[in-house]
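The chain that follows stands alone, in the form predicted on its own, written as structure tokens.
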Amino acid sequence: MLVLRTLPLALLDGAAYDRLWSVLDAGEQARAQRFVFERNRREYVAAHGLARLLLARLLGRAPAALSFTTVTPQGKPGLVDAPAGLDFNLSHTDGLVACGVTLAPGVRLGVDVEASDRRIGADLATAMFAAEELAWLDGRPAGRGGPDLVAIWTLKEAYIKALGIGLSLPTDSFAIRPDTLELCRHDGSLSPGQDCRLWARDLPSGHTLAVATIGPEGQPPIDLVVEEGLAGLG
């Protein structure tokens, strides 16, 4: 199972914000208060509160009682006393936060969301994308300066987050085909016997969602369920 819940910040009224704030622990609340800009504070509270509510629903625990740690040297978050097979990942961008959770044994998860109209410069794409990705872009109507850059960008971010190694992995050392959702080259970032699966969605909120899982070869298909808002959580 792979469940992903999105929360457009336009839905975050005072009551919803207070609810999310109330489930954060003292450390999270202190960190939220250190943000200079209100927009960044709301994104943080929304993302971490959403993660607590979603994990609590799936695990049958109290949201405020959950305790988090890091599970990789690069700081990927994990849950203390997590059941076998649990992995989760957060993402946020202008106007949206998202949390994905998988309960598939041996599977790691990465999630990324971006505004669909975000403009990524052609120079940045040339510097950071793989040769195969640039060749695909060059065959698209808008070339390296068009909206297809967001599709590649989100998929690459999701893959890196699933690996849990952060930007220590050069972004041009692996290649993804956004039209076929295929990891067509990984240059050893996957271990022998591992497989990567990719999903992409255009969301009603005007954002692009990408999800990557890394698990054992031959794993059963994983269905992605995408939900929106706080209904049914806590």
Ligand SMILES: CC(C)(COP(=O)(O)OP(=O)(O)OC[C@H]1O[C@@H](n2cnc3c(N)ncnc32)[C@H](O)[C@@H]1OP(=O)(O)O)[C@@H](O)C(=O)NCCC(=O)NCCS
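Quick note: we count residues from 1 along the sequence shown, nothing fancier. The structure displayed is predicted, hence computed values, not measured ones.
Omitted from view is the form predicted in complex with the ligand, to which the following refers.
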| item | value |
| --- | --- |
| Listed residue (L90, A104, L134, V101) with a non-hydrogen atom within 4.5 angstroms of the ligand in the predicted bound form | L90 |
| Among the candidates L167, A30, A62, V36, the residue which, in the predicted bound form, approaches the ligand to within 4.5 Å (heavy atoms) | L167 |
| Interface membership of H207, the ligand in the predicted bound form, 4.5 Å heavy atom rule | no |
| Contact test in the predicted bound form: L79 vs the ligand, heavy atoms, 4.5 Å | no |
| Contact label in the predicted bound form: S173 to the ligand, heavy atom within 4.5 Å | no |
| Exercise: W199 in contact with the ligand in the predicted bound form, heavy atom 4.5 Å | no |
| Stretch from 66 to 74, 52 to 60, 184 to 192, 199 to 207 whose residues place a heavy atom within 4.5 Å of the ligand in the predicted bound form | 66 to 74 |
| Any residue of 132 to 168 that, in the predicted bound form, places a heavy atom within 4.5 Å of the ligand | W153, K156, E157, I160, K161, G164, I165, G166, L167 |
